[in-house]
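Listed next as structure tokens is one chain, alone, in the form predicted alone.
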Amino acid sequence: MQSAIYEQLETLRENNVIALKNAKEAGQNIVGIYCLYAPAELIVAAGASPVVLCGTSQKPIPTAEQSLPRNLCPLIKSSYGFAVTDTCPFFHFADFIVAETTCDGKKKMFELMEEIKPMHLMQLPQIQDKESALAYWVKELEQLKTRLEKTFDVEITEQKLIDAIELLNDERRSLKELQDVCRHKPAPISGMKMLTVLHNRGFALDKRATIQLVDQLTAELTERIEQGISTLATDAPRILLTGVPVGLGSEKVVRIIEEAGGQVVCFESCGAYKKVEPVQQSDDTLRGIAESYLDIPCSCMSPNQGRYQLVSRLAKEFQADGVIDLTWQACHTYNIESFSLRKHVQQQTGLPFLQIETDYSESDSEQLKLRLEAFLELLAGR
């Protein structure tokens, strides 16, 4: 599939580097974020632009390893490598970074990164308890609100928060509708092209314009479904990919799956389906935002039943033939959780399950190719 709309989304990241520079020179405030737990509503309500930061490339990792252990998650090393080499323009132009303590590796890496760029570190609860954990998390949001108001000399009013919720909920709606086109069999877009859109849209400054672009692509794909047009094989094994964040530069497993004849029809990860649940309106707006973010089913939470339920639901809705759980080397929370997730998937869905543990390099590509080809043959024979 190739279209003018897709081509705009395909080049969105590169084009936004220029837009970012121009916006910064015009006085726009920029806040960098790495994780889905960073409450973007507060940033938008402060009149600033939240931008996703670089962290999905192997290229800066050797430099990062001069300070960080080699046996560390590649996402952490890549993020730090981009910062220390000043090769991520979004990091370069950010006024400060909103970081979060999702794992031990990231929180200690952020101590080093703070020497490069001002940072606001949010202490994330590791349990989704609606009493003590939620009260604690609300206070963390209050501290971020104060930091944003002080840094940018603004007042974050109730109405600004409500407006920000509406905008970002519309973004979530747009992302969900785009991904939902792949419930159709065959999917009207490949997993690699879907990943390209999901990855690039995070770097966009103009959210309303990006929402419109994504909606146009969704409409185009829906029309292709109605016309019975697809370049993908109807009998190709349909894969639900769950696990760690994946983006352009770390798409090795997605690429190998599709080169071997499979179709990645759903990404459960934080840049994809974990991101689509709307923030619920509440009489206490800040508490409502906090509650919605605390509900995110990341493996840093213990227990994390929400992820198991989400994976089994998506497997059914997207007519998956198999589930692949992607984990980065030294990502202990996802690696350990994979054992329980396997049991849940097999018991609740009966689908074959494969865990892949790897990093960003291409060194194990041939080995992965053999494993993935064997898994796809298993699915084709069912």
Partner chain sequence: MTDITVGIDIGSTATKAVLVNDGQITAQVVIPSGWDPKQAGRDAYDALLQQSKLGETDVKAVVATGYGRISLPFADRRVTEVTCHGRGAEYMVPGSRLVVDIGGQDSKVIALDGRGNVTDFLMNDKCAAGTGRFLQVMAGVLDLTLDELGELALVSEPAVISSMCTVFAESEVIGLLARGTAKGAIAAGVVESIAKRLPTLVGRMPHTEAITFTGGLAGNSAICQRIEHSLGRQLQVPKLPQMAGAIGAALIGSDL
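Just so it is clear, the structure is predicted and the values come from calculations on it, not from any experiment. Numbering follows the first chain given and starts at 1.
Beyond the structure shown, there is the form predicted in complex with its partner chain, which is absent from this document and is the topic of what follows.
When its partner chain is considered in the predicted bound form, only one residue from 361, 11, 22, 367 comes within 4.5 Å through any heavy atom, namely 367.
Proximity of residue 377 to its partner chain in the predicted bound form: non-hydrogen atoms within 4.5 Å are present. Although the partner is absent here, residue 353 lies within 4.5 Å of its partner chain in the predicted bound form, judged by heavy atoms.
Contact annotation for residue 317: none of its heavy atoms lies within 4.5 Å of its partner chain in the predicted bound form.
Using a 4.5 angstroms threshold between heavy atoms, residue 346 counts as touching its partner chain in the predicted bound form. Only one of 335-343, 317-325, 62-70, 45-53 places residue heavy atoms within 4.5 angstroms of its partner chain in the predicted bound form, namely 335-343.
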